[in-house]
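Okay, here we've got a single chain as structure tokens, the form predicted on its own, with questions on binding and movement later.
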């Protein structure tokens, strides 16, 4: 093995370890008692406990936050996909002099700091009487999901061969049929990644939810942040358990979407 190849693999292994180890350590600490976590020497052999998970799952606020997060993230992703995918296809297939400006504007929505979006919207929702509601969260998160879906959807549709769409038009397909029955299935793999990425973004979003909710519509990240206490008696086991539980829904979504996509490709290849 050459020196350059060895160095390249070493860098890759180090990067993979740096990404995976914190997640593994979080899962391990979720099964520890606090006394086993705060020891000066890290413990790899310990008596596991489920008390941390029982405490988190036993709180009514966690169940409410989970429902709020599912509704807010799911609703915003659904609206973002319904509006963003046709918009991305139109930008990719029917370019005009405004296409570049539209893409830049959509991308610029991701450049804005969350507080720049949250403060004006907080005033708007207060005036309309929608502050601290799921509806306000869904509409606000839709700005994020719509920008993400369009941003990632344009290159996905641009890679669809134009010859395939032209052949579909020759067969009598109209514009909507070409989009739904030709372009959408071909670009499905990239588009599913875009939708999953949008879901993860809004699922983990913290600052906007913190500013737009107080009690009724608090999402799971806000509830998880309230499980801690200031000072030296930080419940590290409970915090790690809440992080593990918070990570499960996005992982399930990615797994389900990947399974559906793989099954679809297997059926098409037969």
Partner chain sequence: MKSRTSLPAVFLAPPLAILAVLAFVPTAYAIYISFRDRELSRPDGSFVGLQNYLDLFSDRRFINAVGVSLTWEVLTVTLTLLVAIALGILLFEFASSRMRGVMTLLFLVPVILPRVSAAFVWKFAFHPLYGIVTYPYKAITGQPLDLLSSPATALMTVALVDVWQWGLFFAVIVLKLLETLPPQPFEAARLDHARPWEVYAYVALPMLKAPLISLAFIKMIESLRAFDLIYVMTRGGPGIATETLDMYAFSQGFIESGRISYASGMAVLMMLATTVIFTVIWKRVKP
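Computed from a predicted model, the values in this text were never measured in an experiment. For the two forms, the rigid core is made up of the largest set of C-alpha atoms that agree within 1.5 Å on superposition. Residue numbers count along the first chain shown, from 1.
Another form, the form predicted together with its partner chain, is not on view; read the next lines as being about it.
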Name the residue from 183, 156, 106, 194 that puts a heavy atom within 4.5 Å of its partner chain in the predicted bound form.
106
Interface check vs its partner chain in the predicted bound form: of 90, 168, 78, 160, the one with a heavy atom inside 4.5 Å is 90
So in the predicted bound form, does any heavy atom of residue 53 sit within 4.5 Å of its partner chain?
no
If you check in the predicted bound form, is residue 188 within 4.5 Å of its partner chain, heavy atoms only?
no
Against its partner chain in the predicted bound form, would residue 130 count as a contact residue? Criterion: heavy atoms within 4.5 Å.
no
Decide whether residue 172 counts as a contact residue for its partner chain in the predicted bound form under a heavy atom distance cut-off of 4.5 Å.
no
Within 4.5 Å of its partner chain in the predicted bound form, which residues of 3-22 have a heavy atom? Give them in sequence order, or say none.
4, 5, 8, 9, 11, 12, 13, 15, 16, 18, 19, 20, 21, 22
Rigid-core frame, C-alpha of residue 34, shift of 2 angstroms or more between this form and the one not shown
yes
